[in-house]
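First, one chain by itself in structure tokens, the form predicted on its own.
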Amino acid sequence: MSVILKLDQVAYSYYSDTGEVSVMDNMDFTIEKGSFTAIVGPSGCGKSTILSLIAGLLSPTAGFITLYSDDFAAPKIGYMLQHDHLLEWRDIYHNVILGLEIQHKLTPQYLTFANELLEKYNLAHTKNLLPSELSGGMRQRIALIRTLTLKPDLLLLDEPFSALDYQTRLLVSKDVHHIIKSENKTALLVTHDISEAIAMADNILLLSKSPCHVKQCIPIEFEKHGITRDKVRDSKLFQDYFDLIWRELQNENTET
């Protein structure tokens, strides 16, 4: 696989009434094209800040963030947030093509692709409905399709299932993982849910407390052991991964 994203010695800090606050220091990692990476760490360590830096919403205090492309065009980033932010007065189809509208890409090619995604993932029946007529899980599926319609090279997922109840969260995270893998997209997920990270990711970046850095990169290798993704939560290996990450997080919380 080729590298699509590299963070090199990235630091970020901001100023408050009490002075400078360092959020991260010496953040180093690479993301390979087509991979699904999850970021977990202590509460408040700066996980979401990493996504904001990658998306260009914030500028690093030091270091470099590099996005690589197979051609000379700048890689496109898609951002999926905790809430779906569907516009309640627009039907689902016009929510799906909202990004195309904003970016002046309402071309036959893009519109055809949007319809193909809705058909492919059994969501075409929602096109004429309003967001208020859909469940929370269905709304998040639509939010993902809206993001994919713009054909991003890198997907940033900022705790996109946190507003859902537990059962819906399991079902939607499974569907989202399937869609992302089916579309061969590169994804970077921030989550506080260890089980979610293990079930979805190819690799997990374990962060230290703030100012954060990558303490450990943990490859998740179910397929290597003959375990399919729909069976991972029932496996002993799943529990082994969970115990490892939980132990590391507990150690991080108790360190001074």
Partner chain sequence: MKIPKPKIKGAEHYSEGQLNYLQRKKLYQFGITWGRILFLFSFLLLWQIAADKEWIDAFFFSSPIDITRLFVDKLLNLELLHHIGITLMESGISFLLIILLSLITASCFWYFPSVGKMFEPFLILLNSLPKSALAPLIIVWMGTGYPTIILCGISVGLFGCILNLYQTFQQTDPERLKLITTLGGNKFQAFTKVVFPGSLPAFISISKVNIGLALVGVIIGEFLAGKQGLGYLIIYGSQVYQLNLVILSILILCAIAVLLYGIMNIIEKRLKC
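Owing to the predicted nature of the structure, the values given are computational and were not obtained by experimental measurement. Residue numbers count along the first chain shown, from 1.
Keep in mind the form predicted together with the partner chain is missing from the figure; the text below concerns it.
At a distance of at most 4.5 angstroms from the partner chain in the model of the complex, none of the three residues 216, 229 and 249 contributes a non-hydrogen atom. Proximity of residue 102 to the partner chain in the model of the complex: non-hydrogen atoms within 4.5 Å are present. Put simply, residue 87 is close to the partner chain in the model of the complex: some heavy atom of it is within 4.5 Å. The partner chain in the model of the complex is approached by residue 57, whose closest heavy atom lies within 4.5 angstroms of it. Residue 150 belongs to the set of residues with a heavy atom inside 4.5 Å of the partner chain in the model of the complex. Judged by heavy atoms within 4.5 Å of the partner chain in the model of the complex, the contact stretch among the candidates 118 to 126, 150 to 158, 164 to 172, 180 to 188 is 150 to 158.
Out of the listed residues 61, 203, 52, 210, 52 is the one that sits within 4.5 Å of the partner chain in the model of the complex by at least one heavy atom.
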